[in-house]
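For reference, the chain that follows is the form predicted alone, supplied as structure tokens.
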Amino acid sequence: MSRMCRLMAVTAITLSPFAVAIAQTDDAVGRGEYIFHAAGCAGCHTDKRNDGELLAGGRAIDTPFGTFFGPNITAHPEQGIGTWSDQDFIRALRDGKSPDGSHYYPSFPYTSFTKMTDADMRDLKAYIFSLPVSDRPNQPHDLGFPFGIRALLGGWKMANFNAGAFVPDPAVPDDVNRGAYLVEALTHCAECHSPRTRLGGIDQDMFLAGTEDGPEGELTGNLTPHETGLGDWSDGDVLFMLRTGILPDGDVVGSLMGEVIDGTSKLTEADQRAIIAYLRSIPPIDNQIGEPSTGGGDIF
């Protein structure tokens, strides 16, 4: 089935900010599949460049601090997370900790996933555990000193991490709250579309304003409603990009953003429009990424 046919098959429904919009199913695995695509789990945990198995790990993620390798998160009992309880899974996403209490590196975006609801986390685990398992061993990260000292992460988290589920703002419409949940938690847009501090935390003063030093050295666009961001885009322009990866000038998004579009294209129209409503509501930030005349494919 083509991407467009899949989009047409999705049922758009109006939901509360906490509800998960489900494509033609209401079981835990079905809800988890929807969350899985929204969160882009396959991107970091599948070595697609080397035809790796789904979620078997090995994807190299180059950063200024070294190279991280996505771990195996299939339900294999030894190489994956097959022995994890629901609480173990929630603890990983909510607190950035392994079952034995070790801190995870923030290359795993728990700094955003922490805002997910417990219910969404459980559904996501249900879907992951329904998939084929792989016995592929995990690959150690290749980090420079002192970033390879995991014990230092406790201090990093104290300065850069606030654990806790998303709390809706009663002063804004439901679609803006839903969009905030999608952008800030599930799709974790700020992890790529915000500059980082010297210690690798998200620069909250430039939240979603884009950066010229994004993942793997790529540029990432300004998502705020400033003219250097999405200010001159129509809602239709943003909606079309979320569905197809095609930009207003006819160019296409870059490689990493293409992986994101693979997930956003599977969202219901209600959720896609909620993302737009939220992005329209945040403060505009003047931050030109790249040259103004650029086609955009290397930015988004």
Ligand code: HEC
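Start at 1 and count along the sequence shown; that's the residue number. These figures come from a predicted structure and were not determined experimentally.
Missing here is the form predicted in complex with heme C (HEC); even so, the following discussion is about that form.
Among residues of the shown chain, Gly40 is one whose heavy atoms approach heme C (HEC) to within 4.5 Å in the predicted bound form. At a distance threshold of 4.5 angstroms between non-hydrogen atoms, His193 is in contact with heme C (HEC) in the predicted bound form.
In the predicted bound form, heme C (HEC) sits beyond 4.5 Å of every heavy atom of Ala274. Heavy atoms of Arg136 never reach within 4.5 Å of heme C (HEC) in the predicted bound form, leaving it off the interface. Only one listed stretch (198-206, 154-162, 167-175, 220-228) carries heavy atoms within 4.5 Å of heme C (HEC) in the predicted bound form, and that stretch is 220-228. Taking a 4.5 Å heavy atom cutoff to heme C (HEC) in the predicted bound form, the contacting residues in 248-268 are Val252, Val253, Gly254, Leu256, Met257, Val260, Thr264.
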